[in-house]
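Just the one chain here, laid out as structure tokens, in the form predicted alone.
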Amino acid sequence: MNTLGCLDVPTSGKYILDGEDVSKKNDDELAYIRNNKIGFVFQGFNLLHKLTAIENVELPLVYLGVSARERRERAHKALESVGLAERENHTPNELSGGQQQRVAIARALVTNPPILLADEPTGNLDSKAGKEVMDIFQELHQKGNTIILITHDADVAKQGSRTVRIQDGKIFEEGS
């Protein structure tokens, strides 16, 4: 996931993303790619606990230099898209685990990236919240988003349109 997300560069070979060899990009170019082409959803949510839900969702837009008014509008729409507009002024400790993960998804979506990388997004959730998160991913996929979801949960993996199993750093099995 770190290589796909341009957090690490490959030690050998090439990594072509959107027609560009990202393995030859410098740190600033990689940061631009991460902020504009890839949204990240982590198992541990990675929300800032002193910020409200809407402020957490706004963060990627701050780094892009988007005006405060536009940031707020886009963050509100992103929270609305995951069913949390009414909770936008709550801090993470006032939200359930499933709600925190939906805030994290909204944060990943707010820059309209074509790719979402999700690392065990249901790993810290109960089955009901996990289903809600997977329903959001299914809806996003139907709208045209590319979602790369890393999981150890076979039931979650079955929901993908394509599955690639990796074992010991190599593709072990691939299929639809």
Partner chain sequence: MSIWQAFKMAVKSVWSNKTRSALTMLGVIIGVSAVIAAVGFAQSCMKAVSGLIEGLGSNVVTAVITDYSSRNSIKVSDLDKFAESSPYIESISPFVMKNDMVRGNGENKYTSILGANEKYLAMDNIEIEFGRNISSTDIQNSSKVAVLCSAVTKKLFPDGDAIGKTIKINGVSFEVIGTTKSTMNDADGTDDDQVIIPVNVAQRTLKISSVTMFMASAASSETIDLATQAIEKYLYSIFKDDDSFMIITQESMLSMLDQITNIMMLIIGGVATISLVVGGIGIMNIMFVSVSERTREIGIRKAIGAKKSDIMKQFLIEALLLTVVGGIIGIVLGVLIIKYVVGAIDALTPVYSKEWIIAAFTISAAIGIGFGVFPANKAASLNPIDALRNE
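Computed from a predicted structure; not experimentally measured. Numbering follows the first chain given and starts at 1.
Separately, the form predicted in complex with its partner chain exists; it is not shown, and the next lines address it.
- The single contact residue among Gln138, Asn46, Asn112, Thr146, judged by any heavy atom lying within 4.5 Å of its partner chain in the model of the complex, is Asn46.
- Mapping the unseen interface onto this chain, Leu4 falls outside it, with no heavy atom inside 4.5 Å of its partner chain in the model of the complex.
- Using a 4.5 Å cutoff between non-hydrogen atoms, Arg74 does not count as a contact of its partner chain in the model of the complex.
- At the 4.5 Å threshold, heavy atoms of Glu55 reach its partner chain in the model of the complex.
- A residue is said to contact a partner when one of its heavy atoms sits within 4.5 Å of a partner heavy atom; Lys128 fails this definition for its partner chain in the model of the complex, lying far away.
- Within 4.5 angstroms of its partner chain in the model of the complex, the stretch 48-76 places a non-hydrogen atom from each of Leu48, Lys50, Leu51, Glu55, Leu59, Pro60, Val62, Tyr63, Arg71, taken in sequence order.
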